[in-house]
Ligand code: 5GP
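Below sits a lone chain in structure tokens, taken as the form predicted alone.
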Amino acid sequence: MPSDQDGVMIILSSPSGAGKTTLVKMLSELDNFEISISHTTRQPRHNEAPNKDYFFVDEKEFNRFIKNEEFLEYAKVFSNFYGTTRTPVINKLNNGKNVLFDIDWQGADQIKNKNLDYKLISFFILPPSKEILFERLSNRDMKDKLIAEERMKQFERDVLHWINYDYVVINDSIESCYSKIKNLIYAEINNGSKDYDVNYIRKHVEILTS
């Protein structure tokens, strides 16, 4: 049975290329914060280590997890599956660890709908502009401009889900974005005051989607 000593679930989502994976890694350096490692059917990128960044599995293995109802959440993103297995997450939370999730809006919705008895804080990360996002996507080990363009089309759809998150943070610089998220997490955990302006975020979303 969950108690006050349990850890907190912290979700970071963003459109592709907005920086959530880097931010999750930075937050995981904090005391008592651990990343929930996802399973995926996609191939590793050149800078990724199996069983550290992801558990890389084939579709047959992934479908076995689905059939056995082992996933807390899973989703298909750009032709590949991603999923979070339940048992490791619950074990970490029960041991007082704060668990970080690097997942998209589909996975975030599934975790929220599970109504687990643990505190959940959700963040949606946005780029400062569409131009900067396209530049980041084009530079991120993506020699094929078509891939970057496909992700920009997906961005138009993904950004609309910002409204379902507790907080939206603009990644204008990775350090300041990290600092904002960290301060909001600690304010939530300790019932402190929160520096957050939802009207500013709403205006920024209007600019991004115009």
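The numbering used is simple: start at 1 and walk along the sequence shown. Predicted, not measured: the structure shown is a model, and the values here were computed from it.
There is another form of this protein, the form predicted in complex with ligand 5GP, and it is not shown here; the text below is about that form.
- Proximity to ligand 5GP in the predicted bound form, taken as heavy atoms within 4.5 Å, picks out 100-108 from the listed stretches 87-95, 100-108, 115-123, 128-136.
- Here is the short version: of K60, K52, R45, K67, the single residue with a heavy atom within 4.5 Å of ligand 5GP in the predicted bound form is R45.
- Against ligand 5GP in the predicted bound form, the set G19, H161 and I170 makes no contact: no member has a heavy atom within 4.5 Å.
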